[in-house]
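Let's start with one chain on its own, the form predicted alone, as structure tokens.
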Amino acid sequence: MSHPKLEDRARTFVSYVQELRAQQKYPYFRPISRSWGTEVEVAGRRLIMIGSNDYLGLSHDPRVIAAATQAMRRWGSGPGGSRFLCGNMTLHEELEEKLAAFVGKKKAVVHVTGFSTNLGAIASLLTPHDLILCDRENHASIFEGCKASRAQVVPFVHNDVGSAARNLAKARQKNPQGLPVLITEGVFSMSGDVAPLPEIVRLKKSHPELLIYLDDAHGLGVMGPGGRGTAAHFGVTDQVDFIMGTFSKALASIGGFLASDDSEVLEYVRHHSKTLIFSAAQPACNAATVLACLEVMEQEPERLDRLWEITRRARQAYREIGLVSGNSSSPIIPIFIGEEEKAFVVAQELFDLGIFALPAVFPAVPRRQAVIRTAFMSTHTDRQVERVLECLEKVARKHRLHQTDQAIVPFFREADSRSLAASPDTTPAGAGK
């Protein structure tokens, strides 16, 4: 049975995708047949991976794999139900305890994915009477959580605390009774920008009722002492009310959590987050993976040092090549391209040269401001890094990617070129949770 309306909605987009595939420009959903972490196999070819969020290279650590295997033997391959019913394991509760301690909070609640953590937690914590100050570049999962809460969403200019303060003051005049919450990412997934947390928490001086919700998906494991996150990096952990993190980046697994010093509020979230109650629990092997990663990080702090060594080297080399890569102070280094189809071409050329790096296009970034999003791992060898830089230099010359060739101000420069009238429905999608 055909559905003309659904077909009409899909046809234009599908035609565009089919055209890109026919021209061998479509870069997404590439089937990886094997992975070694820093390298992957696609269609029989081995490529250097610089598009992964596995920042510490722990997904292939033998100790981590052994812990996951042992957990699967003890608890099986799947949980058999939600945590609310029969899927809760001692492993989940041990993980919550370790995570809370790691980020400097009293309690944590684990969800099955990072996306579901934001969606379920924000929706359960807030009501239509409340208001949410939201950075315009926040992840799609945050905006979906805001939408589900039905609270008033007040966007502010990316990383602009002055904009947040003005919008908060105006919103409080109209809604003095509602609970105000400011939500930001610690490290933004596309630009690599780091949130100005010291300035953000100072908003509490004039608005003591303000709560701070930090999505630290890309900060956890890479920022701060021992990788304890962006709040620890700035020394403001005690002033951030909620710290959300994911396991699909530095912690080499899948899942997410919300941590806080308010145990009663988290107990409420545990019983009211629909994505926790109505989703199957995180499999034991994934929880065990995170616990093992936390142990390795504690035993080998040099792993984090190596990540930053490579990141600084790559960032400096990008500048020397003449690439426009912004002022990221995180392991995420975006290369500005501009037009989306040009980004597809550049990504394909890198692929042909043996480099796996993907373009970020609208809605992950503003229209006509596409980037190639790169991020290195602590396990990349010097030889691999050199090869990547050689290929980037070659592609930059061919496609005029040097700073002197650029006519558009990239979204990650000081000027915020995003439409300030954009609704949450048109905000960037961000990287996967």
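Computed from a prediction, not measured in an experiment: that's the story for all the values here. Quick note: we count residues from 1 along the sequence shown, nothing fancier.
We do not show the form predicted together with a small molecule, though everything after this point is about it.
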**Q.** the small molecule: the contacting residue among Ala217, Ala121, Ile337, Ala252 in the predicted bound form [heavy atom, 4.5 Å]
**A.** Ala217
**Q.** Answer option from Ser260, Asn286, Ser325, Ser141, heavy atom within 4.5 Å of the small molecule in the predicted bound form
**A.** Ser141
Q | Per-stretch contact check against the small molecule in the predicted bound form, the hit in 342-350, 298-306, 108-116, 154-162 (non-hydrogen atom, 4.5 angstroms) | A | 108-116
Q. Is Asp193 close to the small molecule in the predicted bound form, meaning a heavy atom pair under 4.5 Å apart or at it?
A. no
(Q) Is Thr230 part of the interface with the small molecule in the predicted bound form - any heavy atom within 4.5 Å? (A) no
Q | Contact test in the predicted bound form: Thr246 vs the small molecule, heavy atoms, 4.5 Å | A | yes
(Q) When the contact criterion is heavy atoms within 4.5 Å, does Glu185 count as touching the small molecule in the predicted bound form? (A) yes
